[in-house]
Structure formats: structure tokens, C-alpha cells
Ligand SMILES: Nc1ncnc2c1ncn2[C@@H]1O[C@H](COP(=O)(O)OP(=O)(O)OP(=O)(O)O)[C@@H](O)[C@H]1O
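The form predicted on its own is given below as one chain in C-alpha cells.
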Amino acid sequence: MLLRIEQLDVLYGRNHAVKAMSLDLDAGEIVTVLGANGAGKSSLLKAIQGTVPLARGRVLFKGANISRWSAARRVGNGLVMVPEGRQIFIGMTVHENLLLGAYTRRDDTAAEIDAIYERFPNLAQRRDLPASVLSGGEQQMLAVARALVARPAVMMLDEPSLGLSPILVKQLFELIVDLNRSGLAILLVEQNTNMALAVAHRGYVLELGRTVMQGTPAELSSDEQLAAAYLGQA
């Protein structure tokens, strides 16, 4: 198993954001985590990434217990997140943003960045411009591209479709599928339930920090009452 979360708890003071969450992600999989606002999805990813502390539980990655590793060490070992809101540096150029994706690496990234420009021609055309000139969709692509420079084994995406038009959402999910087919394992937090289930191999549904459903997309959609309650489906 590439990534395993065991009985994970996240606390913010008295707020129990994630409760005894367990999750598996194997090589070659897309696993999605669904749920309403406040369900604990982003807190789960931040705990896996190491930017919020665990109150209980373990994070296992490539067979190692990384629960006490720094976020930088996790990134350096291939556990990389594209955060909600993109969090690109709009005062820096597109190219400078990409270079930041390599901050944990000590080898030459020039060839990989060239390959990224081939994959994202819009970014190549704007490489020397500040990221502030990019559209929302291009900024999201830059956030994904920056994560790719870190050479991830697992890419975690936190609400990647937020604020994008339907056309851009379709392009984004096509990119997610393409990256997965190239061998990248993906953990996807997403409120666009239909799109997430269309690309995922398995999914988990959270309510108030606790897992209430898990299974394949077909299994998650087959229980009409649960699907209506948690997945926004009539």
C-alpha cells in the first residue's frame, strides 16, 4: 500500500475536525474524499501533509511511519499537495513559481520543467510574466505543474475545481485522469461529486469528521438515501 492512514484524529482546540479516519491509497489509484463544507476533508489532507498535528493515529507512506516527519520531508519523499485556493505567488513569474516546486530537490530540474511547458503550453507562453496575469484556470494548472516539479508519488488535490467554469473543470479532470494514467497516485478532495466519482477508483464520504460511506463509485451511488444525503444526488 502506497499511502495508509490509520485511526487519524485532528483537533483544533475543542473542535474534533477528523475522527478515527482510516484510508488507503494504492499505486495507480485515484481515491476521492467527499463531503459537505466542514466535514473535515481539508483537515485530513493537511494532517497527511504534516501542516497540522495529529491528535492520534498514524500516516504510513511507502511502508514508513511518517507521522512525525516535517511537511518538507514528506514533500521531498514524494507526498505533495495542491492546496485549496492554489496558493501560487502572484508577484512572481510563472517560471519562478515552478522553480519553487523544486525546493526540496538537489538535482537538476531543467528537463522536467521543459516537459511541463510542453504539457502546459499556456504556461510556456507566459513563463516570464507574473502569475497575477493568469486566468483562474491557468493558475490552477500552474499549481498542479508546480506540484509535479516536486516529483510526487502521491499528489493530493484539495478542491481543485473551486471557482472554475464548467469547461475548465472538464479540462482539469481530463488532466487528473491523464496524470493518473502516467502512473501518479492521486488523493482528491472535491465538492463536485459527479466529476470526482467519474474519475475515481474508490471513494470515502465524511460527515463531521467521520467516515459514513466508502467503496467504489458505483457502490457509493447505489444507496439512494445515502447518496441524496451526502453526495447531493436526488
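All of these numbers come straight from a predicted model, not from anything done at the bench. In this text, residue numbers run from 1 along the sequence as written.
Although it is not shown, the form predicted in complex with the named molecule is what the next lines describe.
Asks: From the list 28, 166, 38, 53, which entry has a heavy atom within 4.5 Å of the named molecule in the predicted complex?
Replies: Contact check passes for 38.
Asks: I'd like to know if residue 17 sits close to the named molecule in the predicted complex, meaning any non-hydrogen atom pair within 4.5 angstroms.
Replies: Output for residue 17 is yes: heavy atoms within 4.5 Å of the named molecule.
Asks: Just checking whether residue 32 would be counted as a contact of the named molecule in the predicted complex - the rule being heavy atoms within 4.5 angstroms.
Replies: No, no contact at 4.5 Å.
Asks: Although the partner isn't part of this model, could you tell me whether residue 42 comes within 4.5 Å of the named molecule in the predicted complex, counting any heavy atom of the residue?
Replies: Contact with the named molecule, yes.
Asks: Does residue 192 reach the named molecule in the predicted complex, with heavy atoms at most 4.5 Å apart?
Replies: So residue 192 does not count as contacting the named molecule.
Asks: Going by heavy atoms within 4.5 Å, which of 42-50, 65-73, 193-201, 174-182 lines up against the named molecule in the predicted complex?
Replies: Selected range: 42-50.
Asks: Heavy atoms within 4.5 Å of the named molecule in the predicted complex is the criterion; list the residues of 147-164 that meet it.
Replies: Residue within 4.5 Å: 159, and no other.
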